[in-house]
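The chain below stands alone, shown as structure tokens; this is the form predicted alone.
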Amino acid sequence: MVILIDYSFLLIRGLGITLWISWVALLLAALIGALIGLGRTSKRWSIRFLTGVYAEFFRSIPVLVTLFFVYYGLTLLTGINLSTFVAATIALALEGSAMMSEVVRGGLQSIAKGQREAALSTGMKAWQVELFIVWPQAIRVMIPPAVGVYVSTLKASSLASVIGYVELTKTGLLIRESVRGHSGSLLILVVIATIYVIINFAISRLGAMLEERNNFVN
């Protein structure tokens, strides 16, 4: 317990960093995923094909592989040295965008085709139908699964520790090294796991509340 008190500031700092990088990665993933998801509902088969390949590609590759490729591969290909934060954010965003594209595609396709046709029949233009009719309804459908994507991204952020990025997991491992041989070394790992459980449970509950609210409104 004394060890936890001594290192509590570092653990809190590590948690803050984990939440920050996963949030930034999610924002990028949401922007890219929205474009990819929109492309996957396009009437043009070429756009659907390309965006589908993108989504399947990054959904199929382990985050760890993407992380190594971004951090080491891009440096070899471009000569640009990326910081661990930038590399981890890009890798998480790539995987997250593939998952978000599925969320966006599902949300858009959940809106009945008849609503689009009815709106067009009133004289609205196609972009107005999408902006004022389709997307407001689709976003309400997208929010709960998007929360699930954030949970997945937050857990995957722990892999950034392998390239030296000091987030919550890396902080815990460093603390464990400093108290190696002490009974507190195991306790640190238990605390790290507990923190992840609490945070992810809270986020999951938020997603459930949003879904319940959405069902109530509907």
Partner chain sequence: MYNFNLFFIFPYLDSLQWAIWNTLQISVTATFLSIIFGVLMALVRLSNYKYLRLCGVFYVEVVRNMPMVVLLYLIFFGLPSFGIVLSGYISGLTALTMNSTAFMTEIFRSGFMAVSKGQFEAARAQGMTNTQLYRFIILPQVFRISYASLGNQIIGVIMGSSIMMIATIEEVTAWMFNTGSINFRYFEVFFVGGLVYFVLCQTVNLVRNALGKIIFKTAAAGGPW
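Residue numbers count along the first chain shown, from 1. Note that this is a predicted model, so its numbers are computed, not measured.
One more form of this protein should be noted, the form predicted together with the partner chain, which is absent from this view; the next part is about it.
- The shortest heavy atom separation between R59 and the partner chain in the predicted complex is within 4.5 Å.
- Shown alone here, K155 lies within 4.5 Å of the partner chain in the predicted complex, counting heavy atoms only.
- In the predicted complex, the partner chain sits beyond 4.5 Å of every heavy atom of M209.
- A residue is said to contact a partner when one of its heavy atoms sits within 4.5 Å of a partner heavy atom; L77 meets this definition for the partner chain in the predicted complex.
- For the candidate set A34, I47, V166, L189, a heavy atom within 4.5 Å of the partner chain in the predicted complex is found for exactly one residue, namely L189.
- This chain is drawn without the partner chain; in the predicted complex, the residue among L28, L64, L38, V179 with a heavy atom within 4.5 Å of it is L64.
- At a distance of at most 4.5 angstroms from the partner chain in the predicted complex, all three residues F68, L173 and F201 contribute at least one non-hydrogen atom.
- The partner is not shown here, and in the predicted complex the stretch 100-118 never reaches within 4.5 angstroms of the partner chain through any heavy atom.
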